[in-house]
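Take a look at this one chain, the form predicted on its own, written out in structure tokens.
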């Protein structure tokens, strides 16, 4: 499989949101919206990375950098393309971006029950941080 990794544009957003409905881990999270993804791409045009095989979107990752912390989100691979190096190619590009921006540590949020996701992150050298808990507050609009 020949992969091209590139940054998403606002034109890609509808396809990305539809892709996440099929390939993403969607438990315990608000529903993705095109508006939110457009805001991400407009704020940080290189944060959302896409893996394409020809014209087919086969993977995504968000490599977010706020100037202080580096966060990886929405690593998703088309189910029939898993195990073919897509996640590794995306994470190579994401890590390169974040280190270039000045990141000294990378983090990824992975649901406790997402064994497939945990295995991917573990293979990449990530380890679960035991002493921290994530606190969340949904924003009601």
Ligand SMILES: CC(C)(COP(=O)(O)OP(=O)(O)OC[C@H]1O[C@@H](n2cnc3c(N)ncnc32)[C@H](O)[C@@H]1OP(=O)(O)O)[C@@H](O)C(=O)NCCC(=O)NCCS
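Positions refer to the first chain, counted from 1. Keep in mind the model is a prediction, meaning the values are calculated, not measured.
Not on display, but discussed next: the form predicted together with the named molecule.
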Evaluate residue 17 for contact with the named molecule in the model of the complex, applying a 4.5 angstroms cut-off between non-hydrogen atoms, and reply yes or no. no
Considering only heavy atoms, tell me if residue 94 and the named molecule come within 4.5 Å of each other in the model of the complex. no
Is residue 85 close enough to touch the named molecule in the model of the complex, meaning at least one heavy atom pair within 4.5 Å? yes
With the partner left out of view, is residue 13 within 4.5 angstroms of the named molecule in the model of the complex by any non-hydrogen atom? no
Quick one: 109, 117 and 120 and the named molecule in the model of the complex, is every residue within 4.5 Å by at least one heavy atom? yes
Quick one: find which of 63 to 71, 109 to 117, 95 to 103, 43 to 51 has residues within 4.5 Å of the named molecule in the model of the complex by heavy atom distance. 109 to 117
